[in-house]
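Okay, so here's just one chain, in structure tokens, the form predicted on its own.
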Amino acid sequence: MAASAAAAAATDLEVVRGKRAALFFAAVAIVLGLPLWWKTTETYRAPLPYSQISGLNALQLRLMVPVTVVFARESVPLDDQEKLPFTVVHEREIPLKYKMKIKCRFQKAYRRALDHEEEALSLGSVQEAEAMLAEQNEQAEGSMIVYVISEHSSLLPQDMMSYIGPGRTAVVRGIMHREAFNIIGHRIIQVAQAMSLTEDVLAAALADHLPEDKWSSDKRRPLKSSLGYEITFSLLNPDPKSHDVHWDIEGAVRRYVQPFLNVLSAAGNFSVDSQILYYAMLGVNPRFDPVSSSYYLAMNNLPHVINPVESRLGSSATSLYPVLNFLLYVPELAHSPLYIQDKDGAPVATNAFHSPRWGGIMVYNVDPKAYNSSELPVRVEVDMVRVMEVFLSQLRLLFGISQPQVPPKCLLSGPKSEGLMTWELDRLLWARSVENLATATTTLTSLAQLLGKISNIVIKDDVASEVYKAVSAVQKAAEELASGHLSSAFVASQEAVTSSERAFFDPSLLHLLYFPDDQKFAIYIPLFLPMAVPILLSLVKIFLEARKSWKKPEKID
């Protein structure tokens, strides 16, 4: 009797110990195991400034252009001169169908001319006055100075009301009228807009972000903004048995191209190389014109010329930056002379054409007299002055540097010896800054939407750091543009694009992107199932026994 009672007590003790062990293992698995597994297998996602990124879509750009207006003696009535100095602000919104609102703000600071400025404005020609004023008044990037001269001054031709120089300087003729400030202010705004920002300039910069029906394909001609560009000059000699072509490309680049690129270096870094390709054909058979005994390429055939030639160039495949190709083609003897026709069938004066964001091709015909005076191959000396004149004009077009729309009766100065006016460079930096901000904003918005929709993507700390840098750079660039600091705004916009694209194209974002849930189950079920089944069965057994004991009626003596 005592032995059976002891055995029953020992059995109950083992049952209780088993229950406690099962509960302990279940508690360890639930309290410690599951959180540890969840933490060690979760997708790490560093926090991102989603609210700031969404706020970039509603960003309003204010492009401030500081304009100093200097009034010479007898340029306005005496009563108006006594009101100087003061500041006038003119602001207008650029009407573009873009989510980012852009306003152009001209801050005109009126003042009287100083003694040395009066002396310069009294010279015989506007070029002499501008040269003297440039030595003493140096303007910052993005700013300009406008001199208002007397209504009867001989500094400008009598039929001209304004003048735009190669620097950041302009001259406007004054008027003796009670509304002088309003009339002159309107002329100043016209000149300042021509030298800075116009709707066409910004539309070309934002061409990739605007609707297709808003702007024509001509607006998509300029190159996209980049940290660097590679320029390749290629001489194509498809018939070396007939033509022994020589070109002084090194001297031409040093004399004509490099000065232009030195001025343009503020917009990016440039590298220049050259090559000679033999037996390189155009890929399009020219047509013969019996009237002129020459061959021609019609305008509709020009797009088919680039692809066969591009396969021989080989420079764009290894380049990290956009490549500009400038090809000088010497036609073979069987197709000489060769001319390019426009859409009306007339020969193009330069015998050249260019392709947006790619480069240009010039056909260089050999003088027919050269074939009579010597045997084949004929030695051909390329006139590099004529060639570089065409290539530089194409380079200007590829960067979106076109002739401004000057106001009526405005005298426009020719460019400097470098081939680029100072205010044209400012206008390019404005356009590039706006383009960079639009690109960075679009990239950040797309990245935030992508990371919000797909939770499997890992967000590392360095990626989040680049996102924060990009957002900060966008905000800084917008502030610098609003303050009229063009140079620092352009640098900040470049940083914004670089950081945003570095974050968007980071390889770590793709590690767990294609890791579906069924693969997770295939990995974790063999690991957890053998451990979870005994624990679950024990918990179920303990629950059923406890439930049975609760329902068991108590005995009443």
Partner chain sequence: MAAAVPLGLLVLLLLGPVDWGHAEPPRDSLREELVITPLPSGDVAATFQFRTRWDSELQREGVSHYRLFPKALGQLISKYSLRELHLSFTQGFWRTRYWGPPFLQAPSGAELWVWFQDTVTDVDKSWKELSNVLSGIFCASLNFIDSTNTVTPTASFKPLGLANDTDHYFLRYAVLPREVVCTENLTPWKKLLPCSSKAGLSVLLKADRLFHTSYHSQAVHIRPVCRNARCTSISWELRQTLSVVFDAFITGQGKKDWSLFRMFSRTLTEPCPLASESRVYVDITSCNQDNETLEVNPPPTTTYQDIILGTQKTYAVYDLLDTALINNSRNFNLQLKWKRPPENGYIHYEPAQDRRQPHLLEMLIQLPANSVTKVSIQFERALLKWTEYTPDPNHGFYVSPSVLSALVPSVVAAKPVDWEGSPLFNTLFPVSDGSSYFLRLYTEPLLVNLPTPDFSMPYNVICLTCTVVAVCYGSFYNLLTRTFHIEEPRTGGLAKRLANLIRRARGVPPL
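For clarity, a rigid core is taken as the largest C-alpha set superposing within 1.5 Å between two forms. Numbering follows the first chain given and starts at 1. Every value quoted in this text rests on a predicted model; they were computed, and no experiment measured them.
Although not depicted, the form predicted in complex with the partner chain is the subject of the following passage.
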Since the chain is shown here on its own, which stretch among 187-195, 296-304, 171-179, 446-454 would lie within 4.5 Å of the partner chain in the predicted bound form, judged by heavy atoms? 296-304
Here the chain is shown alone; which of E381, E128, E151, D461 has a heavy atom within 4.5 Å of the partner chain in the predicted bound form? E381
Just to be sure I understand the contacts: of H246, K103, R287, K99, which is the one whose heavy atoms reach within 4.5 angstroms of the partner chain in the predicted bound form? H246
Touches the partner chain in the predicted bound form: R427 (any heavy atom, 4.5 Å): no
Residue-level question: is E230 within 4.5 Å of the partner chain in the predicted bound form, judged on heavy atoms? yes
In the predicted bound form, is there a heavy atom of the partner chain that lies within 4.5 Å of any heavy atom of I276, even though the partner is absent here? yes
4.5 Å heavy atom contact, G419 to the partner chain in the predicted bound form: yes
Members of 388-402 lying within 4.5 angstroms of the partner chain, judged by heavy atom, in the predicted bound form: E389, V390, L392, S393, Q394, R396, L397
Quick one: core overlaid, is F505 moving 2 Å or more at the Cα between the shown form and the other one? no
